[in-house]
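Before any questions on how it binds or moves, here is one chain, the form predicted alone, in structure tokens.
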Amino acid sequence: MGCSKSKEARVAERQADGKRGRGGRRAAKDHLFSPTSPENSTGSASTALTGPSAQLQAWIDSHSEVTLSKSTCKRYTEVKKLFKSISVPYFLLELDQAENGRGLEGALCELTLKTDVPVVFVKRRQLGGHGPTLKAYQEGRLQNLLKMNGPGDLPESYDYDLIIVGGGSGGLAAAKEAAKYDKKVMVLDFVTPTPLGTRWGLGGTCVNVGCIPKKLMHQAALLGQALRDSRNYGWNVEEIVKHDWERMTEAVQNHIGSLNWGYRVALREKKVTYENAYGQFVGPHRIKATNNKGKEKIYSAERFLIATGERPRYLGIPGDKEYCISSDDLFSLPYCPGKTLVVGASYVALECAGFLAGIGLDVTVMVRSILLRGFDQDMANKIGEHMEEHGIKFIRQFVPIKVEQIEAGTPGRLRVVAKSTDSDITIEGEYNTVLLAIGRDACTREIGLENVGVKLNEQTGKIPVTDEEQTSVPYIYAIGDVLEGKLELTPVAIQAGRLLVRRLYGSSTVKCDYENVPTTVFTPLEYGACGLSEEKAVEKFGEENIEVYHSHFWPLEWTIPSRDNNKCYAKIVCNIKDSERVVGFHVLGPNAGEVTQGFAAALKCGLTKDQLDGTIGIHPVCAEVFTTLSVTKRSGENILQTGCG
């Protein structure tokens, strides 16, 4: 059954009738487009697509110029005259005449955070109201927007087949993959120094200031614990074992330096052009590269890949950028940080707090709300409890409001003033170092995306993409941490980059699978996870349709030194209605990442509880606990491990 035309469509048609030439064709001077509701493939109106927000977005996406106003608005007359004078087809929707005007008005307010009209969108960009639109025309910005990505503004030929903006793990993987297809590829990579001046080489966050140095420093902390344990195994180790921060960081940075060099050599061998320059889009298929001396070059390419990643967020309080450090600074810090306040509850915060405490430093973690937001909260709380039991202090429900320097030095002394999140109470504390780990922001706002029309989530800076990593501009793609709603993990970016290139230049149709991706948090008690958290499983399937099997366990290696008895924990979350298929895997214990990786493959293959029960475990190892899980969480039975079997 067909759909009747909306009231706004009929109004638009009536307005247009008097302007049509013979044969019903629109005369050249007529630039009014009529609103049409999105329809599904069967021709019937799709409820999912015709809600006010979706309807509004569809109109904005499908027209070069969209103006939302009211029939009583006098300011729109001047806007309308402007678009007619420059022969621009425009789409007008008068909210007070529309069938679902109230709903559309609410959707507009939610989208723009404005209540007044008119509101003008050009090439999906919110230009503003009457004043900003006229000003944009006077300054030439409106004309540039309208020309953006038009056929008359394209290069006659391209310098490169593919230019990749960002030399992290994902960007480099895509570059090397594209070179296999004999494509002409360029990588632009530039590290904007931190407020304290820290910068690094090719390879991105993971290699330079993320996974690699973090895991190595975590290993340093584990070795300290192993030295203490070794006494119980007969080793004569001095009672006081000291750690040398400078020696550790030198070794870590030497390793990172070798990786930086290796990446440059690999690109050269594959004939990929690398420039240490900051990339900014300046027009259709064109990008400006600015090196550290300020020299600019313009390059063109048939396609672009955005892989710029994220950088740590700052608090925006007095003293944060002057006196605090971030994870971008920590791993190459030339002096021991001393007594440290870690601000944040992210995995970066807890991992850093863990290894700093593990090498013998006095560490406090200041937490605004919950630990490890987005992770399974049962596991997150167990991590926090274990860290507290091992001497890491937590200040909960407080946020810093000011950081002051008491004494300069390496390290110096800082005073931190913090305020409660639920009262007017303030507290003060003195520390040698304040490490901020409160989250990360996508590096997308300063690379000229507005010049080519790439749509951003204005609040987060993240880029919405299709299931093939394509942005709102067909020739521009994006991978990695800049993507909206995708996991921020290095192996995910690498996989997505390689598969994207194989689809673009090979015959592949394989897309990146963002489901059941394993990950590990390298806290002192490591946490490995794959699939859904318990909370997400309940939300998705309903509490009555999931079964949680769990158990504590005690690694054999820890029994001789008699530490952390029954602190390790294993849990699987099963979907009862799907043959108890395992939809969530969680483990707290040593080598959690090594354990989780293998089980991740099993989850990909549709692992069920029966299959786990039918698997014979390796004895005595931690992972065998998953082959003997028998106690459900809802039963409330004892899950402490008392011996073998």
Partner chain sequence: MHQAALLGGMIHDASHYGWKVAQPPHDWGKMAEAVQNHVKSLNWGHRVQLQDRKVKYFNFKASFVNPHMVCGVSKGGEETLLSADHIVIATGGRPRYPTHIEGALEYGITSDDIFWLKESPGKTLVVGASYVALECAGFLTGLGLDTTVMIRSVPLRAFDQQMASLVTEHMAVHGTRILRGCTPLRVERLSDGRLQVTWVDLASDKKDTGTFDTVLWAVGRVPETRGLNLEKAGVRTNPNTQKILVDAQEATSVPHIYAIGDVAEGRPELTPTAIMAGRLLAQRLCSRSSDLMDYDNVPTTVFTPLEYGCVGLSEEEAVARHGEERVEVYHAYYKPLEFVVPERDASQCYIKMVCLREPPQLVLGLHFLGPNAGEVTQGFALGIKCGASYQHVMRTVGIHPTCAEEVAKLRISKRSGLDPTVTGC
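Just so we're clear, the structure is a prediction, and the values are computed from it rather than from any experiment. Numbering follows the first chain given and starts at 1.
Although it is not shown, the form predicted in complex with the partner chain is what the next lines describe.
Student: Taking the partner chain in the predicted bound form as the reference, which of Ile298, Val265, Val241, Ile425 has a non-hydrogen atom within 4.5 Å?
Tutor: Going through each option in turn, the one that passes is Val241.
Student: Just give me the single entry in Pro284, Pro524, Pro518, Gly384 that has a non-hydrogen atom within 4.5 angstroms of the partner chain in the predicted bound form.
Tutor: Going through each option in turn, the one that passes is Pro518.
Student: Give a yes or no for Gly461: in the predicted bound form, does one of its heavy atoms lie within 4.5 Å of a heavy atom belonging to the partner chain?
Tutor: The answer is no: Gly461 has no heavy atom within 4.5 Å of the partner chain.
Student: Report yes if any heavy atom of His619 sits within 4.5 Å of a heavy atom of the partner chain in the predicted bound form; otherwise report no.
Tutor: Answer yes; at least one heavy atom of His619 falls within 4.5 Å of the partner chain in the predicted bound form.
Student: Does the partner chain come within 4.5 Å of any heavy atom of Ser230 in the predicted bound form?
Tutor: Yes, Ser230 lies within 4.5 Å of the partner chain in the predicted bound form.
Student: Whether Pro491 contacts the partner chain in the predicted bound form should be assessed with a 4.5 Å heavy atom distance threshold; does it?
Tutor: Yes, contact at 4.5 Å.
Student: In the predicted bound form, do Gly131, Val165 and Thr471 all reach within 4.5 Å of the partner chain through at least one heavy atom apiece?
Tutor: No, none of Gly131, Val165 and Thr471 comes within 4.5 Å of the partner chain in the predicted bound form.
Student: Mind telling me which stretch in 183-191, 388-396, 218-226, 540-548 gets its heavy atoms within 4.5 Å of the partner chain in the predicted bound form?
Tutor: Careful reading of the contacts points to 218-226.
Student: Could you pull out the residues of 189-217 that have any heavy atom within 4.5 Å of the partner chain in the predicted bound form?
Tutor: Counting only heavy atoms within 4.5 Å of the partner chain in the predicted bound form, the contacting residues of 189-217 are Cys206, Val207, Cys211, Ile212, Lys215, Leu216.
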